[in-house]
Structures are given as C-alpha cells and as structure tokens.
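Only one chain is given next, in structure tokens, and it is the form predicted alone.
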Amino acid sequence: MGNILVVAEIQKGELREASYELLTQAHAVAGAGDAGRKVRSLVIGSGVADAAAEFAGKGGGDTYLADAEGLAAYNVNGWEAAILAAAEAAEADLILLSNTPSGWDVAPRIAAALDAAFVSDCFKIEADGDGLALYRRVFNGKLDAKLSVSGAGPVVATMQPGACAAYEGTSQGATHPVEVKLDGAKAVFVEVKAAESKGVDLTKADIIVSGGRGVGDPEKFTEVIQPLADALGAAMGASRPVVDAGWLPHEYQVGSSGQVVQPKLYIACGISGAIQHLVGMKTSNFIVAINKDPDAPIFEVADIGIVADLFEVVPALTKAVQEAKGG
C-alpha cells in the first residue's frame, strides 16, 4: 500500500480552503488503513516556498515544491509534469485534487499517464479493506454512488469543494523541491478573465440565511431575508428557482448546480427542499427550516423545523437577534 499525495492549489497568492479539505479526506483514509501510509503534498507555482512550508505544517506532511517562473499561472503541461514527478517521489497510490477548473483539467491526464483508476467529483473517500470506496452523486444528486477500487495500481480522484470541513490539525514535514521540465509545453497560458463578483463566497460563510420560491418576490428578500442575515452577520443564499426567476444572481445559489456549503448554521426560509438543494447544504452543522408545508422534504435534514408562515417567523427572529445584541 502506497502513500497519499494531496495536490494543493494557490488562488490569488493564498492556499485555497479546498486544499485543506483534501487533507481532511487524506488523513481519514490514512488513519483507517495501513499505519505505514503517509500523507504527502505538492504545491505548484512561482515564489511559493513559504506557502509550501505552511501547508507542510498544517497537515500536508512532507511537501514537494514545484517552483518555477513558468508555473506562476496554471499550465496543464507543467502541472502534469509536476504531479507525476511528485507522485513518483512520494510513492503515491492515491492522488487527490480539488474538483476545480484546474483539477478537472489535469486529473484525467494524470490518470491516463499512470494507467490509473479515475473518479471525479467525489464527496467522500474511505478505506475499504485493502482498497478504497469512493462516493459521488449521480442523476443530478438524486442518488449517491459508491465505487470500489481494489488491487494494485494508483487511483486519481477529484474532491468536491465544500464536501467536508478543512483540516485543522498540524503535521511535521519538510519541503522537497521537484524539477519540472517545461520545454516543449503544448499549452501556453494567455490570461485569466475573472467574472465580476457581486455576491459573497458562500463556501466561507459561517452562517447562511437562504430563501426559496416561498419568499414570493425579489423585494421580499430585501425586506425579510436580508435583515435576518444582517442581524446574524450571515451571508444570504437562495434556491435554484429564485435564481432561475432572476430574483438574485447565480452566485447566491446553493445546490448541486450552485455552491456546496457547510456553514455552522443554515437557515432555510420558504425552501421546500428539492434534492438539488439538499445536496448543496445537508452537511451543514446545524439546519433550521421554516416552511408552511409540514411534508416539505427540507424537514428531513433539518435539526429544527418550524411549520409556520416565514413572514411571521423571520421578522420575529430578526427582532429577537437584534434585541439580544442590544440593537
């Protein structure tokens, strides 16, 4: 049984939260399997030695560093060369990447180069005897599929961001440079065009107050939902029907086709709980659901369910929070 290689990503000069989520999965698998299995990591970029040292001490263990000017921006050929070099040095039989544009671009190439099993967009990985069990959602989130991989040979997997909490432990590990040959690269980085962000990164919010079709119209989000979010210091989210209707931009959408979130508190207001929405928020630490329909599916995942008119409950909650805070 080999080791586990976590491929970290750097975004705007900082290690992505999703990379620490990969460490949570990696340590869970390593701890459940052979005691000799180690977690190793790889950081790719230019001038990222400090980031690699940080990752090594926060769960990454011995961390390989692919540091070159030609790697300052994502380049699929450079990443492929770096990952293959690190996988060989780490003696890795499980390579984990985030299911981000970079991850889903390079991961199939790594699998093909290693003649490895490949599973994309997993939300959980477990040790399963001498093999692995990888879980991913299928049929637009209606079912969870378990894929078993056994026998010799490496496995490459991409993990869904937000599917688990970020790793909070520490580790002892040094950084080790790996040489990456960039001559003859077929892909050339041109530029990044980032869409203007008008909302909040819901994946980083500790509290989210979401509204659904039951809110009625876009003005009610401003009048009812946003005040509760403001009182709690929370981010505001929405279900897909709200976004499809044009009431809020797509960046507010929680669900399988929006953002997958795992806040400490999730308050669902007027959301019935279609499977696509549940997929995006059901792993929240604590869920409060407010809906007039006692049979709404949202109550199946809620820790507290309130069967009532949200236009009576939400303003009352807002007032109570404000009074508790001395407002």
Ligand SMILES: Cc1cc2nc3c(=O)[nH]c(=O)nc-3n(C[C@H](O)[C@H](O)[C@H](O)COP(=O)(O)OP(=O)(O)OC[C@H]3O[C@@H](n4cnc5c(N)ncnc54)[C@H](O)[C@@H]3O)c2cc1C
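Note that the rigid core is defined as the largest set of C-alphas that superpose within 1.5 Å between two forms. In case it trips you up, residue 1 is the first one in the sequence shown, and so on. Only a predicted model underlies this, so the values are computations on that prediction, with no experimental measurement involved.
Beyond what is shown, the protein has a form predicted in complex with the ligand; the following relates to that form.
The closest non-hydrogen atom of residue 60 lies beyond 4.5 Å of the ligand in the predicted bound form. Not displayed here, the ligand is approached by residue 309 to within 4.5 Å at the level of heavy atoms in the predicted bound form. Looking at residue 302, you'd find every heavy atom of it more than 4.5 angstroms from the ligand in the predicted bound form. Using a 4.5 angstroms limit between non-hydrogen atoms, residue 189 is distant from the ligand in the predicted bound form. Taking the partner from elsewhere, every residue among 241, 274 and 277 has a non-hydrogen atom within 4.5 angstroms of the ligand in the predicted bound form. Judged by heavy atoms within 4.5 Å of the ligand in the predicted bound form, the contact stretch among the candidates 47-55, 22-30, 286-294, 60-68 is 286-294.
Checked against the ligand in the predicted bound form, the candidates 226, 150, 140, 203 yield a single residue with a heavy atom inside 4.5 Å, and that residue is 140. Proximity to the ligand in the predicted bound form, taken as a non-hydrogen atom within 4.5 angstroms, holds for one residue of 154, 214, 103, 173, which is 214.
Taking the ligand as positioned in the predicted bound form, the residues of 251-286 that bring a heavy atom within 4.5 Å of it are, in sequence order, 253, 254, 255, 256, 257, 258, 270, 271, 272, 273, 274, 276, 277. Relative to the superposed core, residue 295 undergoes a Cα shift of 2 Å or more between the shown form and the other one. Superposed on the core, the two forms differ at residue 256: its CA moves 2 Å or more between the shown form and the other one. The Cα position of residue 14 differs by less than 2 Å between the shown form and the other one after fitting on the rigid core. Relative to this conformation, a decrease of 3 Å or more in the Cα-Cα distance between residue 274 and residue 123 is found in the predicted bound form. Pairwise change in the predicted bound form: residue 20 and residue 250 C-alpha atoms lie farther apart than in the shown form, at least 3 Å.
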